[in-house]
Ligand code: OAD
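As a starting point, one isolated chain is supplied in structure tokens, in the form predicted on its own.
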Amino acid sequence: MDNRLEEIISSFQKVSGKITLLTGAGISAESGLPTFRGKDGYWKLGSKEYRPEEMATMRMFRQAPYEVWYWYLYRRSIYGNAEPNQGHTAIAELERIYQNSFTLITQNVDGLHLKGGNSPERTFQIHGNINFMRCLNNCSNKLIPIPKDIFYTDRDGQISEEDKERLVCPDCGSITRPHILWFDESYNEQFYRFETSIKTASETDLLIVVGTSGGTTLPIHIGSIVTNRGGYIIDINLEENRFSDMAKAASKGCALRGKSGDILPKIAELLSK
């Protein structure tokens, strides 16, 4: 597989094309963050336990806005203690090498890629960012940083009345919502870079997929666009998944089993030559 990886990278370098990284929860798990659908994704309201697919919805927010807000603020406190790992720093190094020929498309909402050195301009956060909120009534497109001192580390608790007053839109005074793409919502360009991500895929010569199984539509669509146009694809994951199947079926693909923190620095080194 090392020979196959080196062959793909060598062939790509001769093209001098565009490179796109597509990342998911697996890369952040190596920084100690629980995956979204793991045991910390579940939440108890009253006597009922809710799955992430139920909590992370506009329907639930309309029904119990501050309970949903608390769930996100609790998760945000966990994310805030995490640090980028070697996989994150290797991706930041790839951006420094390729500059305008580089794009990062991430499903992760934890902000670790930005913390690790990637630029906001070349980082498409297609599922949002847990550190921001926006007006529920869409009075503007403004993304508002959540005050850093609104911090809840206790899994069981309630938002204080004082903090409720701070989770409001500064323009119209209505309640805000987390800047997260919910399960009962659709991708769009305005907040989640949908059209730009599709355009990027149509121009990508090498796609490196890291730590995602392909459980959502846009990432899989990106992979299909790249492989259908004859681009190179490398999948890095601990387990077999839809992207590894895609990579194995592609004439210019390979699937690597292992941690991104081990594999990505090697790839960055090869690509820097």
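On a predicted model such as this, the values are computed, not experimentally measured, just so you know. One-based numbering along the sequence shown.
Just so you know, the form predicted together with this ligand exists too; it's not on screen, but the next bit is about it.
At a distance of at most 4.5 angstroms from this ligand in the model of the complex, none of the three residues 76, 82 and 116 contributes a non-hydrogen atom. Partner contact region in the model of the complex: 210-218, out of 58-66, 210-218, 225-233, 244-252, criterion any non-hydrogen atom within 4.5 Å of this ligand. The closest heavy atom approach of residue 239 to this ligand in the model of the complex falls within 4.5 Å.
Within this chain, residue 29 lines the site of this ligand in the model of the complex, having a heavy atom no more than 4.5 Å away.
Within 4.5 Å of any heavy atom of this ligand in the model of the complex lies no heavy atom of residue 134. When this ligand is considered in the model of the complex, residue 107 lines it closely, a heavy atom lying within 4.5 Å. Think of it this way: in the model of the complex, this ligand has a heavy atom of just one of 169, 181, 146, 92 within 4.5 Å, and the residue is 181. Looking at 249-273, the residues that come within 4.5 Å of this ligand in the model of the complex, counting any heavy atom, are 258, 259, 260.
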